[in-house]
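Only one chain is shown below, in structure tokens, and it's the form predicted on its own.
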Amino acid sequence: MKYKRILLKLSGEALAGENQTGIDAQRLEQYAQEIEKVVQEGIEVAIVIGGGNIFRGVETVGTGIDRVQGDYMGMLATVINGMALQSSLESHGLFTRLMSGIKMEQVCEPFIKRRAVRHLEKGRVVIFGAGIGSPYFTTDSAASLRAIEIEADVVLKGTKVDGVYTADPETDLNATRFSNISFEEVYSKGLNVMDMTAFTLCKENGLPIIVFDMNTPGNLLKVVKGEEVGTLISVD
């Protein structure tokens, strides 16, 4: 295996499957199976999941809901998704821990770096919910920050697209996919990978990012093995 400890970033919208909102049971089961395969290989897995399938704080503009309040609502949505994923993983016999940037002891542990690392060392899948616990920061930023804190080898951004393209492949038929690209090239070409805060955190700490299609069975394990799946973004 090329990577020993990974941070898997999943979007909330991905959990909705073909639906626009909510949690799709088939997609949840698929993700649990993919993660189980990786854990069985002895890989330490941490996960950050978004909440866009339930609520997005940035969409509160003009609704009468304050932006800060909306962001906190979005954080709670990520905890709901984390609880769903936790239950699905445990149904496969995996040991898990759900840790939150906001204290809510009845459903999850507060995030403590040393405790998170210890869980990973014991083979538990650690799910980070509620972002970093502060408004105005996306779950992309939470993924980058948590990956740095737990000293992950790589950030794996699982999406419905199989990598980073020169343009949006859904609207531009001439768009081509990069197999490898540097942080500087992503900046200069204005490519949309993660929000700027998250992306800069990875760049400054030399933490590689791999963008890949999480919905294709077997892709997650292939990425962890070091096979050429998706797009690798690195310093070089």
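In case it trips you up, residue 1 is the first one in the sequence shown, and so on. The model shown is predicted, which means the values in this text are computed figures rather than measured ones.
Separately, the form predicted together with uridine-5'-diphosphate exists; it is not shown, and the next lines address it.
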query: In the predicted bound form, segment of 136-144, 159-167, 91-99, 111-119 with a heavy atom within 4.5 Å of uridine-5'-diphosphate; finding: 136-144
query: Proximity of Phe199 to uridine-5'-diphosphate in the predicted bound form, heavy atoms at 4.5 Å; finding: no
query: Contact of Met75 with uridine-5'-diphosphate in the predicted bound form (heavy atom, 4.5 Å); finding: yes
query: is_contact(Asp71, uridine-5'-diphosphate) in the predicted bound form, heavy atom dist at most 4.5 Å; finding: yes
query: Partner contact for Ser11 in the predicted bound form: uridine-5'-diphosphate, 4.5 angstroms, heavy atom; finding: yes
